[in-house]
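Form predicted alone, single chain, as structure tokens, below.
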Amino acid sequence: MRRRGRGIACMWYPIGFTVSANPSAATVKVNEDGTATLLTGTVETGQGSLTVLGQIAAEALGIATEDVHVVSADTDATPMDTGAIASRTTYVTGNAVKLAGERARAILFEAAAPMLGVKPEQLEARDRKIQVRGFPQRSVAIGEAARHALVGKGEPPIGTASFNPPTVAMDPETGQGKPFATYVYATQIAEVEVDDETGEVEVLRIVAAHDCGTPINPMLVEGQVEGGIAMGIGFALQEEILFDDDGRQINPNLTNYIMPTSLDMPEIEVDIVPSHDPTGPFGAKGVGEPTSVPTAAAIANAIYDAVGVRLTALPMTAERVLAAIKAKRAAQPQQLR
């Protein structure tokens, strides 16, 4: 008989460690055609970080994301970045990009102020223009201001900045301190169907609510959550490294190391819970690794709800689920019949 159950799991996850230095740097150069070049050491591993960093630079400069050319991961040319670890890229590198963009913008303001007959602090950058705050009709194009900064003032509009979350050493005796700069939160609910005669588990639906601060790119956040759930399903039900008695891995390829495919994906509903972190770039925190943290726990709780057995080892394969069901039946013969 196929039995259906639901399970819930909640989590919190740290963003950007602070127990040791964790810096990122960035350079933003505004070109005479009104575009910008962003130099960052960040590595794009498919999570969309370069898109988000380009958006942050564009927002700081008042231009469109497509106007920003991102040069990344070339250590001969780009500034230092600690790495795509600890779900830190949007938070730490994003802050460095924002600061670099603001410094380049300040040079543009200094160049544009005499052109518009105002003080730099009276200006704002919006819609590819530098304009007088409250009087958008008085404006100069970003590219024109960049040319004037270069030719008229002799100061190219280039901003370089770094960001490091305040380092707080742990107390060596108590272990207390502040190991991370900020935290994100999430809840996932899984609905599963369990065949109590074979132990097979099918994940039917997962609803995921995630707080990542202010989402810079909501579509990328949703994609990250869906990808994390896919990994979490593999972690929960399929993926296992097997070894022989001599310690050699016996499933070192994708023929017998089983991973979920698109055909294994359930219906997924993503709810982005908006919040604002004042220490993050435009209120953002992060969303990478946290997306897969609650998935396995939610599925395990759903299995328990369906057939009343608690699995404590991963993956929860059909063999393990069936063995738990049989053990429960042996201990309580009248149950599950």
Partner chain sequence: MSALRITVNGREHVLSAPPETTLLALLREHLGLTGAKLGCDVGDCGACTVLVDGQAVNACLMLAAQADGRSVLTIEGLATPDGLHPLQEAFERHAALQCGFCGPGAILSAKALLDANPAPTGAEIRDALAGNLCRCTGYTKMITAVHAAAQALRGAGAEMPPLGLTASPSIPLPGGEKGGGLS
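Keep in mind the model is a prediction, meaning the values are calculated, not measured. Positions refer to the first chain, counted from 1.
Keep in mind the form predicted in complex with its partner chain is missing from the figure; the text below concerns it.
- Using a 4.5 Å cutoff between non-hydrogen atoms, residue 255 counts as a contact of its partner chain in the model of the complex.
- Within this chain, residue 107 is remote from the site of its partner chain in the model of the complex, having no heavy atom within 4.5 Å.
- Contact between residue 230 and its partner chain in the model of the complex is found at the 4.5 Å heavy atom cutoff.
- Contact annotation for residue 250: none of its heavy atoms lies within 4.5 Å of its partner chain in the model of the complex.
- Contact with its partner chain, judged by heavy atoms within 4.5 Å in the model of the complex, is confined among 143 to 151, 194 to 202, 256 to 264, 99 to 107 to 256 to 264.
- For the stretch 68 to 88, the set of residues having any non-hydrogen atom within 4.5 angstroms of its partner chain in the model of the complex is empty.
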